[in-house]
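We begin with a single chain expressed as structure tokens, specifically the form predicted alone.
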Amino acid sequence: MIRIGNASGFYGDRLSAMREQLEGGHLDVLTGDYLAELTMLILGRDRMKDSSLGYAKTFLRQMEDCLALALDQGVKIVVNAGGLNPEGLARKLGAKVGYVTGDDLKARFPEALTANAYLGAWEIADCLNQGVQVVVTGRVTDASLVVGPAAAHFGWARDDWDRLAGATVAGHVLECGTQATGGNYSFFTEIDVTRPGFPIAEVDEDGSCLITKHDGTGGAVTVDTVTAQLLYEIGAPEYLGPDVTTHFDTIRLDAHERGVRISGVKGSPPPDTLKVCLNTLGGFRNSTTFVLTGLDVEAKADLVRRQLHGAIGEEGLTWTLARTDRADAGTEEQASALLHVTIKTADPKRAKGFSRAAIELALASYPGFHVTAPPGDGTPFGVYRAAYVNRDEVSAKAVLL
């Protein structure tokens, strides 16, 4: 059995989670998922400002606090915090480090700000088999952070489909951190989710696993909390990955005194293509919220629309009237509705002028004019889309420092 924990479900997750997992009990491997499609855009913008960046800076802070503790305990660290610059992050860590490269396909998609293929688990396994203490990757599938250590530990073959599928399910449960232990859980009133603990998967040689958490931590690991996470971001039961196609309709869940037992998972060969995350800059965005208090809310909203359209034009404006007001309200807030307007435009001057035009209405519009925030400059926004490439177009590689 290999005991694999999770300490991050996204870039910005609980900073203390790594220390909590390391001090809470025994682990063989501690993983962290820091990447999402939006995160790749954020890191891309970081790299536009400074080419030495492009990785999750919070992970570096966690390592400054916890790397010595992990090494003392013999815990391997496996994270995708490398983002767009896994080598840059790896070179800042004071340990025997391996990193995974090859996911960057920007040369193939030059119009994109970021273009990264979703790699799999085998380069992670290669790093661990060569004795590294920390593995840093860029864009790999979230579950690969668990599949790689399990494959290395047990010496699985690349066509051990059922074992790889079982580990993929374990990785999918762990990837979003405390969502598996009660976070964002529909029946949250039935358990204490004040501070849920992070999940752990005890993976066996056949790919089955026990989902659990450290003793004394908050939240709960039940068949229902695990099911909720299993169904997160899932479409067809055939869950396509770079290493294996996992058949989610074969998963068996059983309650266990320490959590939930997962077994029976079947796998088959993966598709011939790899998914690619593409982010492009779509232009500039700005927004304002007008507070409409008292009577004639619809007429007030109509007046503001006509005035702002006349000042900057209708193109790229989106309006939403939220009727948060109520009749015979006891307070001014309860008597107020919110009129949200957002502009998206390729012209940064128009995005900035939108905010100024809205504020210029302060003494020339509806009675009780008020906005929720001062004017501001427009900010860039990104557009995400998926692409697919043949496997032989991607050269993933494990590199040891």
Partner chain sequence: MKRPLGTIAGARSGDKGGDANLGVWVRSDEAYEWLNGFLTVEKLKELLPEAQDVSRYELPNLRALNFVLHGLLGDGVASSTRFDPQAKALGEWLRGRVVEIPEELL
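Numbering follows the first chain given and starts at 1. Note that this is a predicted model, so its numbers are computed, not measured.
One more form of this protein should be noted, the form predicted together with the partner chain, which is absent from this view; the next part is about it.
S.K.: Hey, of 328 to 336, 364 to 372, 48 to 56, 30 to 38, which bit sits against the partner chain in the predicted complex at 4.5 Å between non-hydrogen atoms?
M.R.: Contact-bearing stretch, as computed: 30 to 38.
S.K.: Here the chain is shown alone; which of Thr217, Thr288, Gln229, Ser208 has a heavy atom within 4.5 Å of the partner chain in the predicted complex?
M.R.: The residue from Thr217, Thr288, Gln229, Ser208 that makes the contact is Gln229.
S.K.: Tell me, out of Gly155, Pro271, Gly74, Gly235, which residue has a non-hydrogen atom within 4.5 angstroms of the partner chain in the predicted complex.
M.R.: Looking at Gly155, Pro271, Gly74, Gly235 one by one, just Gly235 meets the 4.5 Å heavy-atom criterion.
S.K.: Since only the chain is shown here, I'm wondering whether Asp249 would be in contact with the partner chain in the predicted complex (any heavy atom pair within 4.5 Å).
M.R.: Because a heavy atom of Asp249 falls inside 4.5 Å of the partner chain in the predicted complex, the answer is yes.
S.K.: How about Gln130: is it within 4.5 Å of the partner chain in the predicted complex, going by heavy atoms?
M.R.: Answer no; every heavy atom of Gln130 is more than 4.5 Å from the partner chain in the predicted complex.
S.K.: Taking the shortest heavy atom distance, is Lys352 within 4.5 Å of the partner chain in the predicted complex?
M.R.: Although the partner chain is absent here, Lys352 would stay clear of it in the predicted complex, with no heavy atoms inside 4.5 Å.
S.K.: Would Gly382 show up as a contact with the partner chain in the predicted complex if we use heavy atoms at 4.5 Å?
M.R.: Yes, Gly382 is a contact residue.
S.K.: Quick one: which residues from 164 to 186 get a non-hydrogen atom within 4.5 Å of the partner chain in the predicted complex?
M.R.: Contacts from 164 to 186: Gln179, Gly183, Asn184, Tyr185, Ser186.
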